[in-house]
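Here's a solo chain for you in C-alpha cells, the form predicted on its own.
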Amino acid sequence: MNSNNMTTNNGSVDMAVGRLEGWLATMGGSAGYYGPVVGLRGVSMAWCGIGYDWRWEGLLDGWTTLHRRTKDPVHLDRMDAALNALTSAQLANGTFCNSYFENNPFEGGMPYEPALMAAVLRTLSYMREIAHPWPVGTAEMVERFVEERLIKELWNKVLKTFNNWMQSDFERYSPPAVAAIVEILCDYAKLTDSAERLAPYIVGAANSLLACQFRDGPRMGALPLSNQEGSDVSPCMAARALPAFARLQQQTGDARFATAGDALERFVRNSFLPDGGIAVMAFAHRSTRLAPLFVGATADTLRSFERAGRYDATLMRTQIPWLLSHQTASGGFDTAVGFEDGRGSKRLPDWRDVIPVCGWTDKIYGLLAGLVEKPVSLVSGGPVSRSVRVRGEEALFMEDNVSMTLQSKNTDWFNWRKRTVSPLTCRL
C-alpha cells in the first residue's frame, strides 16, 4: 500500500498509529492482550482475559508491514514474542485456549483460529524471506494446527471442505473460515514442500467457496456466513474470501477464481457507505442492515482488498478519515456507530459503541501500518469520559491507562482493571 496515493495527511496516520500503540500497551501483558469484547454475535464483558483469537491477526500483519517498511527491530521482537505466546497457548489437538472472541473463554473459535493461523503463516513467510529464525516450537505449533486440527478433525470427506467443529452438521460449513483455511494450506504447502499432498484439500475447499457464491439477485457475488440456504451475508466477512480467490487464481491460473473475486469485489464495494463505514448485514428478503457500523470491520475490509491486490485509492480517501475520526483520547478506537438507534442518531451512543476492543483495533492497526513510511513513536493516551446509554439509562464511560468503567447514577455497570481476567463488577 502506497501512502503517496493518499490524500489523508500522513502525519495524522503516523500519530494515530503511535497513539494506538500506546493504547495497546495498556492492554497487553507478557503473554498477550486482554480486554472485553463487543462482536458481531454478542459480547464478552464478564471475562476479559488474554484471547488467542483473531486479535493477533492485525497485530502480526501490522508488525510485519512496519518492519518491512522501517526495519525497526522492535517489530521483529514483537513477532517473536507473539509466536512464543501462541505456542504456549496451543492445546494438544491444535486448537488454542480462549480463541472464541465474543464467546471466550472457549477454544476452537471459528473463523477466529483460521484467521489467526493465516496471519501466523504470513509472518513466518516474511521471517523466512529475511532469514530470521523462527522461535522454538513455532513450526510444531503450525504443524499441529494444520495436521491435527484441520485435516484430522475438521476435514469433511463427504463435502470435501472444512467444517467448523467435529460435531458440525455434515451439510454445513462456513465460507469465511474456509477462505482463511485456503490461505493457510497454500502457505503451509509452500513452507513445508507439501503441495502435492495438500492439493486435494485446497481444491475441495476452493470449490466449496465457489459453490456457495450468489450468482444473481441483490447479493450477487457475495458469500454467506454459512452455506445453508437463506444464510445472511456479512460484507466484511464475505470480503475475507478475496485474498483466497486471488491466491487460488495465482497458483492455478483458473479463471473461475478471478471471476469470483471480481463479483465479490463489486458486492463488497457497494456495501461501503459514501460517508464512511460498511453495512453490517445483507439479507435475502429484507433491506440491508446498515448499522451498527463496525469501525474495525471497515478497516478489515479495506485490508482484505489490499491483500487481494485490489487496493482502491478512492475508497481509502473516503474511509480512512472516517476511521481516524473514531480514535479516542486513550488511543483506542470506538467499536461501532449505531447500536440500537442506527447511524446518525442524535441520542447518546450505546455503551457497546464506545467500548474499545483489541480484536477490532488490531484490524485498524494492520491497515494503518501500510500507510507508515518511517518509525513511529509510542504515544501515551489521555483519559476518556463520555456520556452513553446503558439499557435506556444515561451513564458515564471512563477509561484511562489502568481501568475501564461504566457507571450511572444508580448502577455500577462495569468496573475493570486492565490486564486482569475478571472485572470487579459486571452487570452488562
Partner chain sequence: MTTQDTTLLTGDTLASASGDDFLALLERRHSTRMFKETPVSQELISRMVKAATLLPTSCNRQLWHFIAVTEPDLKRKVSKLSDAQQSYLYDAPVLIAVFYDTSLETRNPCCTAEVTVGMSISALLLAAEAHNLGAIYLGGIRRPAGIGKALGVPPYLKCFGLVCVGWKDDEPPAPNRRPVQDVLSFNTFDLQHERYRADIRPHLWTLEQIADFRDKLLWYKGVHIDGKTLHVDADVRFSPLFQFMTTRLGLMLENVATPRVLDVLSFNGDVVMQLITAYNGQMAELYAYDLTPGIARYITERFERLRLPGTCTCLVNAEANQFLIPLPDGHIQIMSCYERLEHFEDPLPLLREMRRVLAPGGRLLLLVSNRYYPHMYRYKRMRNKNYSLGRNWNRGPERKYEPAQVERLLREAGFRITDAFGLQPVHLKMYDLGIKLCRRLGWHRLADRWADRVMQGYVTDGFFRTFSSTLAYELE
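Positions refer to the first chain, counted from 1. No experiment lies behind these values; they were computed from the predicted model shown.
In what follows, reference is made to the form predicted together with its partner chain, a form of this protein that is not presented.
Stretch-level contact analysis of 245-253, 68-76, 348-356, 262-270 against its partner chain in the predicted bound form, using heavy atoms and a 4.5 Å limit, identifies 348-356. At a distance of at most 4.5 angstroms from its partner chain in the predicted bound form, all three residues E102, R144 and E153 contribute at least one non-hydrogen atom.
For the candidate set A81, M220, A195, L91, a heavy atom within 4.5 Å of its partner chain in the predicted bound form is found for exactly one residue, namely L91.
Contact with its partner chain in the predicted bound form, judged by any heavy atom within 4.5 Å, is made by just one of M398, L378, A31, A46: A46.
Although the partner is absent here, K374 lies well away from its partner chain in the predicted bound form, with no heavy atom inside 4.5 Å.
In the predicted bound form, no heavy atom of F305 sits within 4.5 Å of its partner chain. By the criterion of a heavy atom within 4.5 Å, Y201 is counted among the residues contacting its partner chain in the predicted bound form. Not displayed here, its partner chain is kept clear of T318 by more than 4.5 Å at the level of heavy atoms in the predicted bound form. In the predicted bound form, the residues of 399-428 lying within 4.5 Å of its partner chain by at least one heavy atom are, in order, R417, T420, V421, S422, P423, L424, C426, R427.
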